[in-house]
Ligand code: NAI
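Next up is one chain by itself, shown in structure tokens, the form predicted on its own.
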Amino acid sequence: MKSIVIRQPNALVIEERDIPQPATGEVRVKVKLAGICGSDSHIYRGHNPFAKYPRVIGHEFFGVIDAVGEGVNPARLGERVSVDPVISCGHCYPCSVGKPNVCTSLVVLGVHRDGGFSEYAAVPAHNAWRIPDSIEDKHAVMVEPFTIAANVTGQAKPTEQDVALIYGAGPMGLVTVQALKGVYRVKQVIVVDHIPERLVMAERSGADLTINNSAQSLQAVLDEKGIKPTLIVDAACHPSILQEAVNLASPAARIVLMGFSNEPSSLAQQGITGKELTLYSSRLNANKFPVVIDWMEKGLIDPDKLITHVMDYRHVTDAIERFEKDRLHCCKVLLIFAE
């Protein structure tokens, strides 16, 4: 089989490998589609501190079960599945309190263990979630990106009365917009970004107000409109954002941090305690695949609004470079592995 392998930073090859045999408790997935995420780019460029090389990247993938290991019901053969990349131990403290996404022995497919940018992938059977016939293939591969929004909203618990501010109109910001508007019916969702084309994408995903803060003060715009956000999501992850978010937030607001920035943020404690703000952080997803599959079945979210490019996996280098460089027009890139 063909697999996309990062041998070392900036060294990507399409390599011939043996087709894996599923171990006890595993299934083998014949991969049909996979999505490119920023973390795949980071591993490719050597910017992901968790990755070890060589590595088959890819943690957003969908396909059909074509083999099962010992202990797995053979009736699952032929099942259409989307794969949760989070593999956890199930018994450490984080797992015991419903946070397998930060398991003390966490393994993420495509990061710590070979992932789904391959014609076949062997994965734990309980990580392969059945996709209903009503959900088409190109939407099924988008389940994992939307679990990021499900994890954020599951912690922050939005209500219809919220006024939400999202920093960043990249894929993670946009899935969060769709969740806030389509699922939680949040009264007002505001998106801020430096790129006009990204803000258009945000409007298409349901944003009520978009603000380009490259040439104007976000604080000034919100003050002029009398807006005090009650929920702020940082999907841009710049160190300067946290203090600004604290300044902008309404008393009793919630702030959610996404992503990994290793640069320190300067923060005055008084702004947090004076308003009694709540800070959350969100990583990956904690058992959110059935949640998102339900959203899709009910038509509450629309992956088509994010998918901008679909390419053959043999053009993966071009696909990643487009994802990295064409921020004006490119949002979500899917790779085809099998028809």
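Numbers follow the displayed sequence, beginning with 1. Bear in mind that the values here come from a model prediction, so they are computed numbers and not experimental data.
Missing here is the form predicted together with the ligand; even so, the following discussion is about that form.
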| query | finding |
| --- | --- |
| The ligand contact in the model of the complex: I232, any heavy atom under 4.5 Å | no |
| R80 within 4.5 Å of the ligand in the model of the complex, heavy atoms | no |
| Heavy atom of G110 within 4.5 Å of the ligand in the model of the complex | no |
| Interface membership of W129, the ligand in the model of the complex, 4.5 Å heavy atom rule | no |
| Contact at I148, V192 and R283 by the ligand in the model of the complex, all three, heavy atom at most 4.5 Å | yes |
| Position in contact with the ligand when the complex is considered in the model of the complex, options V183, V72, L106, M172, heavy atoms within 4.5 Å | M172 |
| Contact residue in the model of the complex, from A156, V163, A253, I241 (heavy atom within 4.5 Å of the ligand) | I241 |
| Stretch in contact, per heavy atom within 4.5 angstroms of the ligand in the model of the complex, of 201 to 209, 221 to 229, 129 to 137, 254 to 262 | 254 to 262 |
| Heavy atom within 4.5 Å of the ligand in the model of the complex - qualifying residues of 211 to 250 | N213, A235, A236, C237, I241 |
